[in-house]
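A single chain, nothing else alongside it, follows as structure tokens in the form predicted on its own.
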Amino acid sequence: MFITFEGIEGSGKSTQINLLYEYLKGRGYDVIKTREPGGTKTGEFLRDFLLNNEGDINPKTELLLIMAMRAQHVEEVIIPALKDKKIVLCDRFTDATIAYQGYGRGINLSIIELINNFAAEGITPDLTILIDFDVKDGLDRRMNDTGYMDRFEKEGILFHKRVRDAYLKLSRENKERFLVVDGSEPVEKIHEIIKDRVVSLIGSGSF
């Protein structure tokens, strides 16, 4: 089973993926937790360059770096785990690329789809959990939590609003795959909603 977590900066998705990981692991499930961009030794090296580079990175270059990381990630981590019947929890995947590089940066969606089909080898999530949250509140939360903002977090408010709108659009277009949760709800309540959906999916065997 392949479950992805999506959301704007500061939405709380990383907290929720950690809670779900601990819940599933505590009940004996064979589960791994990973992330994009990154997820491998090569990917983490490129992630640091992508997020912390102070120079200009062309949107096309940004997209190709992300797809290179995804290709390595899929081949090295995701495919082997799925073949071993593990539950894979991934912090961001293809939907993030569509939202950030497609709607955020304005790159043609057909180009993204073409390159992604090659990089991701046709893999799609069984469930995508979107933690929806107010853009300004999310950025404020990130700054308060870390005191630091990376290349994406430093983008203007309109960029982040485009990303949020894109996520909501994707969720409407893929209702069966998406679970949309209000990120302003208490952390434990969000966890319960996610946990119930995942347990139901595991029980149904429809993946």
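For clarity, every value in this text was computed on a predicted model and none was experimentally measured. The first residue of the sequence shown is number 1, and the count goes up from there.
This next part talks about the form predicted together with a small molecule, which is not shown.
Asker: May I ask whether Thr4, Tyr21 and Lys86 each come within 4.5 Å of the small molecule in the model of the complex, counting any non-hydrogen atom?
Answerer: Looking in the model of the complex, the three residues Thr4, Tyr21 and Lys86 all stay beyond 4.5 Å of the small molecule (heavy atoms).
Asker: Out of the stretches listed (180 to 188, 7 to 15, 21 to 29, 193 to 201), which one is close to the small molecule in the model of the complex, meaning heavy atoms within 4.5 Å?
Answerer: Stretch 7 to 15 is the one.
Asker: Find out whether any non-hydrogen atom of Asp132 is located within 4.5 angstroms of the small molecule in the model of the complex, and reply yes or no.
Answerer: Taking the distances in the model of the complex, the answer for Asp132 is no, it never comes within 4.5 Å of the small molecule.
Asker: Quick one: does Ile78 come within 4.5 Å of the small molecule in the model of the complex, counting heavy atoms only?
Answerer: Outside the cut-off, so no.
Asker: Examine Gln72 and determine whether its closest non-hydrogen atom to the small molecule in the model of the complex is within 4.5 angstroms.
Answerer: So Gln72 does not count as contacting the small molecule.
Asker: According to a 4.5 angstroms non-hydrogen atom cut-off, is Gly43 in contact with the small molecule in the model of the complex?
Answerer: Answer no; every heavy atom of Gly43 is more than 4.5 Å from the small molecule in the model of the complex.
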